[in-house]
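Just the one chain here, laid out as structure tokens, in the form predicted on its own.
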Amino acid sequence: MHAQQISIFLENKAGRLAEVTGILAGAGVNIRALALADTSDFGVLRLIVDDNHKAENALKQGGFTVSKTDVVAVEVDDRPGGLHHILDLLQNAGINVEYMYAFVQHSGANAVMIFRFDQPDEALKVLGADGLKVIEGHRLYTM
């Protein structure tokens, strides 16, 4: 029930992000969600795309360092406290959220969040035991 994101390491300078999006556009890859974290010297762009293989190949050919990471996509009740409920469950189970970011669209009446956990398999058990919906990668990439 994991999904995969691709991570691209970027120099923190003007135009590098546009290079990535240009390469992906040229390869016909659609970005579904993204998060960008930076330091003074470099950034990490994390992406959910509709075709990981095509994106990874195009970016590597463009000279970028690319890696794949397992993440978990979870439907979150789109109401006050919806995200808190999930984070509280994880905290009570001793599971750390390393990072998270929002998906670009709703899935029905719920929002979708992408999570990276320190214990992803345990997190899946906790989420499933509470009846929370985890979205499989193949569905996530086409939303």
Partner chain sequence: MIYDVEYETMPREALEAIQLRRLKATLERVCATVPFYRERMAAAGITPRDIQRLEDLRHIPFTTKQDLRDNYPFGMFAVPMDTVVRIHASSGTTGQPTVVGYTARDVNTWATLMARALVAGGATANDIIHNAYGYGLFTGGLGVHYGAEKLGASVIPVSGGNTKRQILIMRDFKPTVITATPSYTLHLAEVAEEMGVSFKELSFKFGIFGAEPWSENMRQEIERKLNITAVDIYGLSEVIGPGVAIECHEAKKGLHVFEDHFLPEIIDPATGEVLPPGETGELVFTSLTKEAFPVIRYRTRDITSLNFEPCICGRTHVRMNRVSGRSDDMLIIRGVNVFPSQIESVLMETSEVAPHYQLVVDREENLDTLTVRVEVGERLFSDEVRQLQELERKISKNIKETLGVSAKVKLVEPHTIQRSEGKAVRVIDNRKI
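Nothing here was measured: the structure is a model prediction, and the numbers come from that model. Positions refer to the first chain, counted from 1.
FYI, the form predicted together with the partner chain isn't displayed, but the following is about it.
The closest non-hydrogen atom of R32 lies beyond 4.5 Å of the partner chain in the model of the complex.
Although the partner is absent from this view, K133 stays clear of the partner chain in the model of the complex, with no non-hydrogen atom inside 4.5 angstroms. Residue contact with the partner chain in the model of the complex: L10 places a heavy atom within 4.5 Å of it. Using a 4.5 Å cutoff between non-hydrogen atoms, A111 does not count as a contact of the partner chain in the model of the complex.
Only one of the listed residues (G63, G94, G81, G28) places a non-hydrogen atom within 4.5 angstroms of the partner chain in the model of the complex, and that residue is G63.
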